[in-house]
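The chain below stands alone and is given as structure tokens, in the form predicted on its own.
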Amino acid sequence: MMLAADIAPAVDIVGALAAAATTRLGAAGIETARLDAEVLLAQACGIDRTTLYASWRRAVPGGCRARFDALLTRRLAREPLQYIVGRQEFWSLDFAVSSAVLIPRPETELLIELVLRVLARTSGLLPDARSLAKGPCSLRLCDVGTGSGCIAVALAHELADATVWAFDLSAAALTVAASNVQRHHVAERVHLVHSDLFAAAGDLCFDAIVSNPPYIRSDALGRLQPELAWEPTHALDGGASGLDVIERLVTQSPPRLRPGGWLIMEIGADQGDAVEQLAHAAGFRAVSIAPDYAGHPRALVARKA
């Protein structure tokens, strides 16, 4: 005969606990409430979501409830899910993240696609560039404002003959990037440099410069979703016009590019015309603005003469 004490309360059943958390997160205005509840519960239990589903009708393991409540409290305060679990996928690779770095976003993967596309299109020029390279790697790439290192690591992962210099003004961000460079076994080809744009670049020149700079107008930051308040302001705030860092980067890039080299940079959806004008004024040719998958202007693609 089963006693009442042997039956786990409904709230302590995995599925019921996830459902209750989903309701609380949804009431707090979190659009991804169910996903977040499941991810946090799996994190608290030390399992993946597949195992979580297999345990849906079972009692929550001992100790998981307290850990889950703590994680849920953080998410209800609108701390980003990625900071709570300490990771985010980008380019099908798993990256460590913390509040020291911007959370990698799917739209930024467009930059990787564009770099690969332009380098493949101009591959006939690469033998000359390779003759200028020192060491075993032929391509020299630069990631300005590397943050978590996701762009630099993804490029190194895709281009076995590339060396990537990854610059960032934040020492804390470079610590996170270093962990990701090690995690993905590209430390020999990704060089992390503490630098404000190209200030510490010495006499380096590159075949391509890629960047996801801060481009949100200062007065718009307070009107964005609450989760953005947890991300580093310096990685988001583009000044009064949103173009402060973009203008510096566009202006400083030509001397850092080899002939025929490329600048590929993420921009705000309303900045296409202004950024295109900046690129032309800086002497770039073949200037264009690439759309994202939603059709919004998303990236500058500019080639040095």
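Everything numeric here is computed off the predicted structure, so don't read it as measured data. In case it trips you up, residue 1 is the first one in the sequence shown, and so on.
There is also a form predicted in complex with a small molecule; it is not shown, and the following applies to it.
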Contact test in the predicted complex: Val164 vs the small molecule, heavy atoms, 4.5 Å: no
Contact test in the predicted complex: Ile151 vs the small molecule, heavy atoms, 4.5 Å: yes
Distance check, Pro80 to the small molecule in the predicted complex, heavy atom within 4.5 Å: no
Non-hydrogen atom contact Leu102 with the small molecule in the predicted complex at 4.5 angstroms: yes
Residue among Val186, Ala235, Leu228, Leu139 with a heavy atom within 4.5 Å of the small molecule in the predicted complex: Ala235
One stretch from 142 to 150, 72 to 80, 113 to 121, 155 to 163 that, in the predicted complex, holds residues within 4.5 Å of the small molecule by heavy atom: 142 to 150
